[in-house]
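A lone chain, given as structure tokens: the form predicted on its own.
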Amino acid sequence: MTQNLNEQMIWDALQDVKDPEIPTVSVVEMGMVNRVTVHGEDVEVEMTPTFTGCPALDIIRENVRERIAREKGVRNVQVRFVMDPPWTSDRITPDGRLKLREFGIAAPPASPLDVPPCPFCGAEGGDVDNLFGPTACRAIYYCRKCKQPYEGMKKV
């Protein structure tokens, strides 16, 4: 029995496309995918980057295009980045938050003024070491309990 191409198949395939900077979290789990549209054999994926100057957009676009093109029945894949709706850290799924922590990056705190719990020991009450982490969406914190520096996603 042949299964017709549908949007759920594309959403499932997008789970295989990881954030190039955090290879355990998919673009779906990061909340970057707004919409998937299937018209016959043509697929359009609308995405919002985590920030406007993200240097990984071309890589993400190509990874999405390549992964979706492997689906049976797909002829054309278009990936569009939009800034509306804006991405916020609230779009990260519960699975995405768990995978961030397992990767050693604290999920964004509830408030921009809060310090997220340490992803290594779970202790709260750490210190902000530097608001400018390795990417614009991350900061560096220090855990007073396990004495480890750690990265955390900023609340946006």
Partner chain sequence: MKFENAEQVMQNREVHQALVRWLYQLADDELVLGHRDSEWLGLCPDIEGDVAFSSVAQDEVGHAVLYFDLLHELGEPDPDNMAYERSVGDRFNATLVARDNGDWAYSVARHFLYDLFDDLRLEAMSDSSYLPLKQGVAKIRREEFYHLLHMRTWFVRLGQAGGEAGERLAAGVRKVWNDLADLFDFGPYEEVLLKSGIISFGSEELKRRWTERVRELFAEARLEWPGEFPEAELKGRRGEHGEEMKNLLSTMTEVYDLDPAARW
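Being a predicted model, the structure only gives us computed values, none of them experimental. Residue numbers count along the first chain shown, from 1.
A second form of this protein, the form predicted in complex with its partner chain, is not displayed here; the remarks below concern that form.
Note on the interface: of 64-72, 26-34, 119-127, 87-95, the segment with non-hydrogen atoms within 4.5 angstroms of its partner chain in the predicted bound form is 87-95. Interface residue remark: G40 is not counted as part of the site for its partner chain in the predicted bound form, having no heavy atom within 4.5 Å. Of the heavy atoms in A110, none are within 4.5 Å of its partner chain in the predicted bound form. Although the partner is absent here, L131 sits close enough that one of its heavy atoms falls within 4.5 Å of its partner chain in the predicted bound form. Remark: L5 does not count among the residues lining its partner chain in the predicted bound form, judged by a heavy atom distance of 4.5 Å or less. Residues of 142-156 lying near its partner chain in the predicted bound form, listed in sequence order, are K154, K155, V156, the criterion being any heavy atom within 4.5 Å.
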